[in-house]
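Here you get one chain, nothing else, as structure tokens; it is the form predicted on its own.
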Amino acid sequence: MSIIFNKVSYLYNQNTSLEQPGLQDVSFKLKTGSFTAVIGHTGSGKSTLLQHFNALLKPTSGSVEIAGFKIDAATSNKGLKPLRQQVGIVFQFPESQLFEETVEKDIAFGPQNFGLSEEEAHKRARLWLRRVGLSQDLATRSPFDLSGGQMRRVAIAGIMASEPAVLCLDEPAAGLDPQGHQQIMQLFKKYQAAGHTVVLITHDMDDAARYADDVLVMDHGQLVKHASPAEVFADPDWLHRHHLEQPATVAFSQALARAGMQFEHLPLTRSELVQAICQQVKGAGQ
């Protein structure tokens, strides 16, 4: 099922002297099974947008259609548990989501809360502990004794263990080393390939180019572009005006193009760039 935001606006501190807009007339439609990156400078509205996906925030005006629900200003908190089973959110700070006495209990909480037996929930927890790259030896440890990167992985496992149809992620690779970063991003891409929808907030333009097939660009609470990564990253001047950088591969590819190299399509990733260069070298040698 698709995800539809229809003219969604959100006001913080509504009807007070501190009232300020968080979102302004945001409309878009995401396809089921897509991998969407949400990018924008700090304070652009990315996290506010993400919290509308499972009704942690409700629109001041407009509506959100997701997982068979239609959320608007009049929506009650009652009956939202099935929505939150279908739409999982991993927030930016892992310590805010960890609370149980052991890692395994923390990961098992979601599946058990959504109806699995205690035995099945703990089986699911051990499965996802392994999938996020953590040792089973950590299962009986307190999550608060772990490193920041390990806490991040436990928080991710705790959401993914419920296997939501829509997985929303706010800077999920923060605190991970380069190898861990790549491993966890590949996990999300594999999750998409299994038929799920993934929504990723990121400041890493290379991640947006490498993993996403759809990009939302936010600026001052407004959606200023919804397009493919190739379209979003093709214009460095437009990106600069919206306080964004090009992915490193795109910038290097454009430098090569200015030096005379011709690309049929602008390479977004290192593998695409290597393939394009090899083709040109091979063509020049014939």
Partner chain sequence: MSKLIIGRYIPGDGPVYRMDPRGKLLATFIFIAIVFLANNWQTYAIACGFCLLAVIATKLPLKTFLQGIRPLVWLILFTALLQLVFTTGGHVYWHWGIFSITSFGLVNSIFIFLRFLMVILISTVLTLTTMPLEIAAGMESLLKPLKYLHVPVEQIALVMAIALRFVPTLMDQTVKIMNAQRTRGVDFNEGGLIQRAKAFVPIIVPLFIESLNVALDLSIAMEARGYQDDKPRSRYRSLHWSHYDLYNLGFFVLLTVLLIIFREH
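Numbering follows the first chain given and starts at 1. This one's a predicted model, so the numbers in the text were calculated from it and none came from an experiment.
What follows is about the form predicted together with its partner chain, which we do not show.
- Task: Quick one: from R84, H122, R131, K189, grab the residue that has a heavy atom within 4.5 Å of its partner chain in the predicted bound form.
- Result: Partner contact (heavy atom, 4.5 Å) among the options: R84.
- Task: Taking 4.5 Å between heavy atoms as the contact cutoff, choose which of I71, A209, I89, I201 touches its partner chain in the predicted bound form.
- Result: For this set of options, the contacting one is I89.
- Any of the heavy atoms of G79 lying within 4.5 Å of its partner chain in the predicted bound form? It does: once its partner chain is placed as it appears in the predicted bound form, G79 has a heavy atom within 4.5 Å of it.
- Message: I'd like to know if L98 sits close to its partner chain in the predicted bound form, meaning any non-hydrogen atom pair within 4.5 angstroms.
- Response: So L98 counts as contacting its partner chain.
- Item | 4.5 Å heavy atom contact, N54 to its partner chain in the predicted bound form | Answer yes; at least one heavy atom of N54 falls within 4.5 Å of its partner chain in the predicted bound form.
- Looking at the partner-bound form in the predicted bound form, is D214 within 4.5 Å of its partner chain by any heavy atom? Flag for D214 set to no.
- Taking Y10, P59 and S63 as a possible spot, do all three reach its partner chain in the predicted bound form with a heavy atom inside 4.5 Å? Not a single residue of the candidate spot has a heavy atom within 4.5 Å of its partner chain in the predicted bound form.
- Query: Even though the chain is shown alone, can you say which residues of 108-128 have a heavy atom within 4.5 Å of its partner chain in the predicted bound form?
  - Reply: Residues within 4.5 Å: F109, G110, N113, F114.
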